[in-house]
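The chain below stands alone and is given as structure tokens, in the form predicted on its own.
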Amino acid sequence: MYQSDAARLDPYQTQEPQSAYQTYAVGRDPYQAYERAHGPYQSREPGYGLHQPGHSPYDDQIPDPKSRMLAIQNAKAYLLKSSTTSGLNLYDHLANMLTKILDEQPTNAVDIIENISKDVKWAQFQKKMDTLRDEHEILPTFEAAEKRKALFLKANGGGDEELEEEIGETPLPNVMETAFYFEQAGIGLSKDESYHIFLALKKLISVQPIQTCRFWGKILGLEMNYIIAEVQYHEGEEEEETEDEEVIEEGGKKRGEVEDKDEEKEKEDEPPKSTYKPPPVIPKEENGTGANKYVYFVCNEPGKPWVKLPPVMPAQIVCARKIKKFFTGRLDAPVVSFPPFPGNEANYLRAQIARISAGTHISPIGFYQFAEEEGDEEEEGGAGRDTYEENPDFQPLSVVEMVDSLTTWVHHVQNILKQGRCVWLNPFQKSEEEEEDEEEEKAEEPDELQQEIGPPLLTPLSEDEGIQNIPAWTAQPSTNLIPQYAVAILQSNRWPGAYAFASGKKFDNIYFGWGHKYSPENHTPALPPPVQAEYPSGPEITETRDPTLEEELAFKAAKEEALAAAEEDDDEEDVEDDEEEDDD
């Protein structure tokens, strides 16, 4: 059967592979056969003439088979290059795509080739699950819900008694109501976050002996944010803590004095000490007064523990005015700046809170008033007053009046002086005993410092200085479409992110921002101090020049002559002594 066909073939003759259209029509015109199978090609179309010998795109470029194989290898090597992003290569990706197409054989594969490519890529990065126990991925929303789960849990026991206490008077502020009013002007957080902060403040009040509490605002950070609560303790609670701290400080000072005395006894011969006296340290204001009137707690997210910020020092406020740093969200992070900041990020955050509160906490005029008892005692038109009370006869102004004039708003937080305190203190003032003991040192002290006097409490906003051509405040209603139900909104241009609202007898202040003061120019750090001058040159410290050889020889000769003369004098004295002994 196969011999007749095999007899026609030469066993030593090589057989070349034939294309589809060659096997389709043996002995016919190949172009006609190709036209019957695929239809005619026009001369302008790309497929015209490709079946004819010598028309291959590689025939005229790479005629040598070895060169053609090298080109194929180079092309394959290029396809095998791995991506620096995903680690995949195009060769394997195309192979997987073709395998998927041949296995599934979808209809109109050319139309969904992009989707097939995406599916193949997605399968490469899909997490491999164990058939016995799957490892389910923990979503970020689930982790956040686990952190805030404790906010929604009530303490065990109590029942109706706890419910009655919660319904009664409580220092917990109505955060949702405040958020509603600010939302009228497009200011605030989402409802979910506001409610979580509401629950977090409730948890804080249940742990700390707090008399008043207020949601101060939110300061943004590079890594995490700060949610800030402004509180006041019950009378006596904060004082006990400060007394303990003072006792510890005094004990530390006494121990240090004893150690200094021992060191002075041990080291009698010491090099001369510098006579430079650093400027006196300005003491901080007592808790409950001035810049430390309120206590502040912070947390990064609702559900995380609240952290109490330390009291602010005047030196920290003074330095905070000279630097501009972004917060990281970590209270223990160092503050690298010039001038060097005396503390870490917790102290810097506390200083910025004090500055923002002093400049942006405002209230409608007439809502607060000074006590009648203090009116006769205080001087200088209320410049020394630091307390006020609510006015029971307060009559709210209309929204139009609150927006048209800034005289209808006043500051109810004391201004911070350049010294870093709200009440000026003379650092060189001494007691009567010290004045008697140190009369001599008094003459050397500098002249008396001029007392700083800031604007008094309840000063109208119309007296605030603007920033070049920008007013300090911008007032506007929450809506112009329904003015009868509008809310008066004030925005601080000096501290971007500080807002206040007033609606009837209700008002509040809030801050959302980076904690930076606006400056029309770019922030320029302070320059380092000038280089210290060199010690004045004089003959007593000037180094002598080296002597020449002649001078050295002359010095040696003079020295030898002096020694010889001294020896002769000694010999003469010995001879005289011997003669006196002989005479005796």
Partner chain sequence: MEAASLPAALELAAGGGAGLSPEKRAVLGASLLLLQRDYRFERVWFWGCIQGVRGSYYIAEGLGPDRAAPRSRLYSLNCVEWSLLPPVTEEMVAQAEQLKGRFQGDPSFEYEHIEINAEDAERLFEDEMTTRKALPLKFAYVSLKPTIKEEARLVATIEQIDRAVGIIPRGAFVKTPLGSVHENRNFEGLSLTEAKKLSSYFHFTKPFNLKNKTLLEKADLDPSTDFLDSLEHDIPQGSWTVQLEKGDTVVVLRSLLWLGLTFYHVPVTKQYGYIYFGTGEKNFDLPFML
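Residue numbers count along the first chain shown, from 1. C-alpha atoms forming the largest set that superposes within 1.5 Å between two forms make up the rigid core. Just so it is clear, the model here is predicted, and its values are computed rather than measured.
Although it is not shown, the form predicted together with the partner chain is what the next lines describe.
K.L.:
Using a 4.5 Å heavy atom cut-off, which stretch among 70-78, 453-461, 416-424, 104-112 contacts the partner chain in the predicted complex?
P.N.:
Stretch 104-112 is the one.
K.L.:
Does any heavy atom of residue 308 come within 4.5 Å of a heavy atom of the partner chain in the predicted complex?
P.N.:
No, residue 308 is distant from the partner.
K.L.:
Find out whether any non-hydrogen atom of residue 210 is located within 4.5 angstroms of the partner chain in the predicted complex, and reply yes or no.
P.N.:
Because no heavy atom of residue 210 falls inside 4.5 Å of the partner chain in the predicted complex, the answer is no.
K.L.:
Any chance residue 339 has a heavy atom within 4.5 Å of the partner chain in the predicted complex?
P.N.:
No, residue 339 stays farther than 4.5 Å from the partner chain in the predicted complex.
K.L.:
Taking heavy atoms only, is residue 371 within 4.5 angstroms of the partner chain in the predicted complex?
P.N.:
Residue 371: no contact with the partner chain in the predicted complex.
K.L.:
Of the residues 175, 189, 298, 406, which one places a heavy atom within 4.5 Å of the partner chain in the predicted complex?
P.N.:
The residue in contact is 189.
K.L.:
Of 232, 493, 503, 391, which one comes within 4.5 Å of the partner chain in the predicted complex, counting heavy atoms only?
P.N.:
Comparing distances to the partner chain in the predicted complex, the residue within 4.5 Å is 493.
K.L.:
Since the partner is left out here, which residues of 64-98 would have a heavy atom within 4.5 Å of the partner chain in the predicted complex?
P.N.:
Residues within 4.5 Å: none in this stretch.
K.L.:
Determine whether the C-alpha of residue 118 shifts by 2 Å or more between the shown form and the other one once the rigid core is superposed.
P.N.:
Yes, residue 118 moves 2 Å or more.
K.L.:
Comparing between the shown form and the other one on the rigid core, is the C-alpha shift at residue 309 2 Å or larger?
P.N.:
No; that C-alpha moves by less than 2 Å between the shown form and the other one.
K.L.:
With both forms fit on the core, has residue 423 moved 2 Å or more by CA between the shown form and the other one?
P.N.:
Where the cores coincide, residue 423 shows only a C-alpha shift between the shown form and the other one that is less than 2 Å.
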